[in-house]
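Just one chain follows, in the form predicted on its own, and it is written as structure tokens.
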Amino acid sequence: MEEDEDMIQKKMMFVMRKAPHGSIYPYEGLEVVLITAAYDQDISMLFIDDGVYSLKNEQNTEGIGIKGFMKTYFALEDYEVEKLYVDNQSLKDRGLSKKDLIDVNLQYFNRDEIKKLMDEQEILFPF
């Protein structure tokens, strides 16, 4: 049986740029990642700009009246989404460090390295 054109594995990067609360983009992006992972694609996620806040430890959303979704990031490994990249400059600009982030398999890169990673992708999804 010939491989269907739609089933060919693609290199996809989901670029998480927005803060986790205040817009629907980060939550929707995470949902799209999980759905796409079910189709056995080569998925990576990049957390840059305010997107790094999505990975911050001990988020408490009670005061803003929404359910937090940070714990869902721990499920990514079960979906074989293991390429989680963080922009070092974004952390620094926001006064965060590696110890401020959740304990998942994060890889940290500078801007030049991130540009290279992005150039290697076939599809970029900004969120």
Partner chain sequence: MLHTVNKSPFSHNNLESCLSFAKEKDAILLYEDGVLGAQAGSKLESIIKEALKKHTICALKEDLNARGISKTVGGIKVIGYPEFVDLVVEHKVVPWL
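All values reported here derive from a predicted model rather than from experimental measurement. Residue numbers count along the first chain shown, from 1.
Keep in mind the form predicted in complex with its partner chain is missing from the figure; the text below concerns it.
task = Examine Asp119 and determine whether its closest non-hydrogen atom to its partner chain in the predicted complex is within 4.5 angstroms.
result = Asp119 belongs to the contact set for its partner chain.
query = Closest heavy atom of Val81 to its partner chain in the predicted complex, within 4.5 Å or not?
reply = Because no heavy atom of Val81 falls inside 4.5 Å of its partner chain in the predicted complex, the answer is no.
key: Contact label in the predicted complex: Asp100 to its partner chain, heavy atom within 4.5 Å   = Because no heavy atom of Asp100 falls inside 4.5 Å of its partner chain in the predicted complex, the answer is no.
ask   = Is the gap between Ile48 and its partner chain in the predicted complex 4.5 Å or less for some heavy atom pair?
value = Heavy-atom contact with its partner chain at 4.5 Å: present for Ile48.
key: Members of 13 to 34 lying within 4.5 angstroms of its partner chain, judged by heavy atom, in the predicted complex   = Arg17, Lys18 sit within 4.5 Å of the partner.
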